[in-house]
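We begin with a single chain expressed as structure tokens, specifically the form predicted on its own.
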């Protein structure tokens, strides 16, 4: 292994060490109460070392969404590319893909929903901003193409498929934030799944064209 390759690998390993430490601290203290020093202490590094890899706390917070967005895109691509699914089955597959995203890491999904509605994106590097934007675009595009096929077959309402994708994602992320807030009252209960079932049933009925399949 060459020196440059080893340096790049060591740099990426250190970067992932910082990200893992930040996730633990964000989870235990909350984003607003977490400081760079808290994360540095958890990672057993100096605050100055963290600033070599991340511009500020907002950039580190935003970086946590990358893995989640990549997983979302791959899941929606699989749904889009799966053949011989009815429209009902395809909508159900989207629902399962989104709920799986929640089950993998509820906190990070909540952070992703908050991130999209916060000023955090204004405080990160252009490179990270573009990466988050591009991954978000890809996921919405995959979702849009799922609706496009149903529209072309005459089974879905003839509406802009990208707007349908945005409505579905807004419904899902909004429910995640709303239902997850109830867990502060009772952490034993899974509030999201039953609500999501109802929401997708209503959405699935509403998006259909009403024409015989």
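Positions refer to the first chain, counted from 1. The shown structure was predicted, so the numbers you read here are calculated from the model rather than taken from an experiment.
One more form of this protein, predicted in complex with the DNA, exists but is not displayed; see below.
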**Request:** Could you tell me which one of 181, 163, 28, 35 places a heavy atom within 4.5 Å of the DNA in the predicted bound form?
**Result:** 35
**Fill in**
Note: exactly one of 45, 151, 66, 167 sits with a heavy atom within 4.5 Å of the DNA in the predicted bound form, namely 45
**Prompt:** Looking at the partner-bound form in the predicted bound form, is residue 177 within 4.5 Å of the DNA by any heavy atom?
**Reply:** no
**Message:** Since only the chain is shown here, I'm wondering whether residue 49 would be in contact with the DNA in the predicted bound form (any heavy atom pair within 4.5 Å).
**Reply:** yes
**Prompt:** Contact between residue 173 and the DNA in the predicted bound form at 4.5 Å, heavy atoms?
**Reply:** no
**Item:** Partner proximity in the predicted bound form: residue 56 to the DNA, non-hydrogen atom cutoff 4.5 Å
**Value:** yes
**Prompt:** Any idea which of 155-163, 142-150, 66-74, 36-44 reaches within 4.5 Å of the DNA in the predicted bound form, heavy atoms considered?
**Reply:** 36-44
